[in-house]
Structures are given as C-alpha cells and as structure tokens.
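This document opens with one chain alone, in structure tokens, the form predicted alone.
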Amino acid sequence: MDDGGHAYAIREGFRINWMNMRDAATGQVMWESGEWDCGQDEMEAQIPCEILRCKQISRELNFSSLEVLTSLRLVQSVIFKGEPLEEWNFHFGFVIPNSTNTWQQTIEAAEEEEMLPAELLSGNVVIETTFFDGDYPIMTQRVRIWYV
C-alpha cells in the first residue's frame, strides 16, 4: 500500500458507527454506545462493574469503509496506569468498498483470583485499539474506562 492518496482515502473513509458488549453466556447487553468520534484522541466510557464478573464478553463493532480493505485486523491493548497489561489481536479480513459491517469478537476474562477490583481499575484503564489493513495502520482509538 502506498503512503499517498489511497492510504489517506482509507483513513478518511473508515468509521466506527457503534459498539456494544454483552455477557457472552446470556446475550445480555452490558454496555453500548452509538457515539464514536474517531477524531478524538481519547474518549471515556462508563461501563457497569458487573461486566467484570462475566467469564466471556461478546463485543460487536459496527463500522463503515468507503475503500476496499484487503486484510482488516485490530490490535487491542489494555493499559493500566500507563503500563501495558494485556494485548489481543483480531482478524476480520476482506472489506468490500462502500460497505457497513458488524464484527463480533469474544474476549475471555482472566480467572477471578487474577482480576483487579473495579475500584482500582476505574479511571486507570485505557483500551487502545489500532485498526490495520494488513500492516498499515488506519486509526487508533483510545477509551478510558470508568466502572460504575
């Protein structure tokens, strides 16, 4: 991929429309947001602390792309007090130009004895998600988590 016009068009034409997180065992929506400002350096999310009790979380991400993407993937880092704590990699694949897609991922929780309490995590955790087309970064989104 070139670093010129096509790369710019991919960045400009990629949008997150909405996202939700569910208890993967029950399907109950635990959190959702339809307001994504992809240009903001850092967003904030208030998430119910009950989500930390779920064994698995199903995350649905709805996105649109004006351009063809040959190998969409994301790398998600959990940053606690400025230090990397965990990293996950997810692969979507080919994206048709001028399309809107929903991408679902399942995230497994750590064992209960390994979990930090919500009081310690709240406000100290930033989820940094970088979207790529192959090895080319499209955008990075940072969300500071507040457990309520």
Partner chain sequence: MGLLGLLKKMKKDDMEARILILGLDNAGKTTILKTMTSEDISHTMPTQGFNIKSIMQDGFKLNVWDIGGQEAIRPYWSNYFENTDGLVYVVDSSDTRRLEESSRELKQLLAEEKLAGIPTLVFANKQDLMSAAGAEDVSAALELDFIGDRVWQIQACSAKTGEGLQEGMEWLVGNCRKG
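Predicted model, so just to flag it, every value in this text is computed and none were measured. Numbering follows the first chain given and starts at 1.
The following text describes the form predicted together with its partner chain, which does not appear among the structures shown.
Asker: Can you pick the stretch from 40-48, 56-64, 119-127, 77-85 whose heavy atoms fall within 4.5 Å of its partner chain in the predicted bound form?
Answerer: In short, 56-64.
Asker: Would residue 107 count as touching its partner chain in the predicted bound form under a 4.5 Å heavy atom rule?
Answerer: Yes, contact at 4.5 Å.
Asker: If you check in the predicted bound form, is residue 95 within 4.5 Å of its partner chain, heavy atoms only?
Answerer: Yes.
Asker: Mark residue 36 yes when one of its heavy atoms lies within 4.5 Å of a heavy atom of its partner chain in the predicted bound form, and no otherwise.
Answerer: Judged by the heavy-atom cut-off of 4.5 Å, residue 36 is well away from its partner chain in the predicted bound form.
Asker: Report whether the minimum heavy atom distance between residue 90 and its partner chain in the predicted bound form is within 4.5 Å.
Answerer: The answer is yes: residue 90 has a heavy atom within 4.5 Å of its partner chain.
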